[in-house]
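Before any questions on binding or motion, here is one chain by itself as structure tokens, the form predicted alone.
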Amino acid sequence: MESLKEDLKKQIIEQLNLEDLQVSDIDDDSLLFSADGVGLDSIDALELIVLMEKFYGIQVTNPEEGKDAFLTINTMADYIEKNRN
């Protein structure tokens, strides 16, 4: 699970062009869509949906499910583990 979390951080930084962030800057429990956390916005949420499909073959079609899944790196990793084929 730890390697999945590290991969997620790298993929988020790369896919969202967050050049000012390093993997070590993202805490597993940091809120992704909070100014106190990573500070992502609604456009970034769309990119995360694409990331989930591209790298993990998971389609996030339910907005409420996505909202819960994209809270933190930990919730994303849990979501992937539960929904990966």
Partner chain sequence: MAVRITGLGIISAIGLTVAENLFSLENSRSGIAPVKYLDSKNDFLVGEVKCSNAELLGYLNIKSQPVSRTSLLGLAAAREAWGRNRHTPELRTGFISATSVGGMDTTERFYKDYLDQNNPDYAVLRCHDSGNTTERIAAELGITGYINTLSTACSSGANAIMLGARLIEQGKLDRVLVGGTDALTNFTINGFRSLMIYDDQWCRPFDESRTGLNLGEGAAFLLLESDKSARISGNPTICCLSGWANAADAYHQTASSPEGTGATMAIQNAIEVSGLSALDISYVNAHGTGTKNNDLSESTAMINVFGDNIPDFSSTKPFTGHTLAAAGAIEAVFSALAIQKGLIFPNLNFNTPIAETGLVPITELQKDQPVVAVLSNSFGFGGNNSSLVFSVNR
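Residue numbers count along the first chain shown, from 1. The term rigid core refers to the maximal set of C-alpha atoms that superpose within 1.5 Å between the two forms. All values reported here derive from a predicted model rather than from experimental measurement.
Separately, the form predicted together with the partner chain exists; it is not shown, and the next lines address it.
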| query | finding |
| --- | --- |
| Residue 58, heavy atom within 4.5 angstroms of the partner chain in the model of the complex | no |
| Residue 29, heavy atom within 4.5 angstroms of the partner chain in the model of the complex | no |
| In the model of the complex, residues of 13-41 near the partner chain [heavy atom within 4.5 Å] | 41 |
| Residue 65 C-alpha relocation of at least 2 Å between this form and the one not shown, rigid core basis | yes |
